[in-house]
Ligand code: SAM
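So this first bit is one chain, no partners, the form predicted alone, shown in structure tokens.
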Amino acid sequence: MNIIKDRLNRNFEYLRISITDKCNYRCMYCMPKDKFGSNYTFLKKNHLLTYEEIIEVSQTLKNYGLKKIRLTGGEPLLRKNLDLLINGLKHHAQIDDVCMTTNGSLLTRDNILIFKKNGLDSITISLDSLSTSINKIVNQVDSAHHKVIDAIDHVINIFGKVKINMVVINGVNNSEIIPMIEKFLDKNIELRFIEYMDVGETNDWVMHDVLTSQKIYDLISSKYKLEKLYDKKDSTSEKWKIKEHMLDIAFISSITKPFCSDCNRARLSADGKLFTCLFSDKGYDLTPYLRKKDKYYNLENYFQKIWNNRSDQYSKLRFSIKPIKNKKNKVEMSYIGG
């Protein structure tokens, strides 16, 4: 294995793969309906990486330290035969940890069982509210979130535990923080509160809409006793246990507590572009290195050059004394996979 470092001495271990830019939801922080309407042009099927190409990338990058892959979208379950990709990543590319993040609307007991049988290690489900009226504001289509609640129970029954992501937007769904805790208090769940981030150019982000992790912590601790849990060095979250209950909670604080210094991840878009930061404005096209099989297109050398030159730390510099220039045309979350 060739362990490589970027210009800030960060190694590479984690790849998030968006397998489609399409989604059946229109969440205001990711794919707002007014920007991603019926006239929006999504990637054509023949522009998407094939499963074989995704597996080849993963197998190649394993030689440079890749340990964990998370399948995302868009909504990953909109791609057919996802079990074949999971099986290839786990058993052919031999990736240690293969996970998936989904909105949960298309999860069933049957396909969860199939995913686990083929090697999927865990599932994270996005759920921003239990309220039908608030869900209609956050997700601007009919989300039928009762199906997501059922999916959460199925994942717990089959995998033993599930993570739930809740993006908290001040003045929109912050009233749902305590109800979400109360709903899942005695289930084997890690409920993760995510600060609303300035990803892409279409969500009209402003700092006023961010409810900080500290404020969320203060709210929760006013009702429940919290006990600190161990955080891995490269973890993006700070974890806590609610005493005398099964529920764990976590805070992902990209705005107020950037984790750039330990960032060990890259992102692969559905059409084969590698991004070295969530807030990138450009990606590195891997498709010539997958489709032109000659000595001039060596994927190993290309990736090593990309990572060795990496110096991204957007979140850390966002509010610095000498602020970085406002990035233009930042890649959208639905395209890069969050």
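Since the model is a prediction, treat every value here as computed from it, not as a measurement. So that there is no doubt, residue numbering starts at 1 and follows the sequence shown.
Absent from the display: the form predicted together with S-adenosylmethionine (SAM). The rest refers to it.
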Practice task
Sort through 144 to 152, 71 to 79, 213 to 221, 226 to 234 and report the only stretch with a non-hydrogen atom within 4.5 Å of S-adenosylmethionine (SAM) in the predicted bound form.
Solution key: 71 to 79
Handout entry: Residue (of 162, 194, 89, 268) lying close to S-adenosylmethionine (SAM) in the predicted bound form, criterion heavy atoms within 4.5 Å
Key = 194
Handout entry: in the predicted bound form, the one of 131, 253, 101, 174 near S-adenosylmethionine (SAM) [non-hydrogen atom within 4.5 angstroms]
Key = 101
Handout entry: Interface membership of residue 66, S-adenosylmethionine (SAM) in the predicted bound form, 4.5 Å heavy atom rule
Key = no
Handout entry: Contact test in the predicted bound form: residue 331 vs S-adenosylmethionine (SAM), heavy atoms, 4.5 Å
Key = no
Practice task
Evaluate residue 135 for contact with S-adenosylmethionine (SAM) in the predicted bound form, applying a 4.5 angstroms cut-off between non-hydrogen atoms, and reply yes or no.
Solution key: no
Problem - residue 30: touches S-adenosylmethionine (SAM) in the predicted bound form, heavy atom cutoff 4.5 angstroms - result: yes
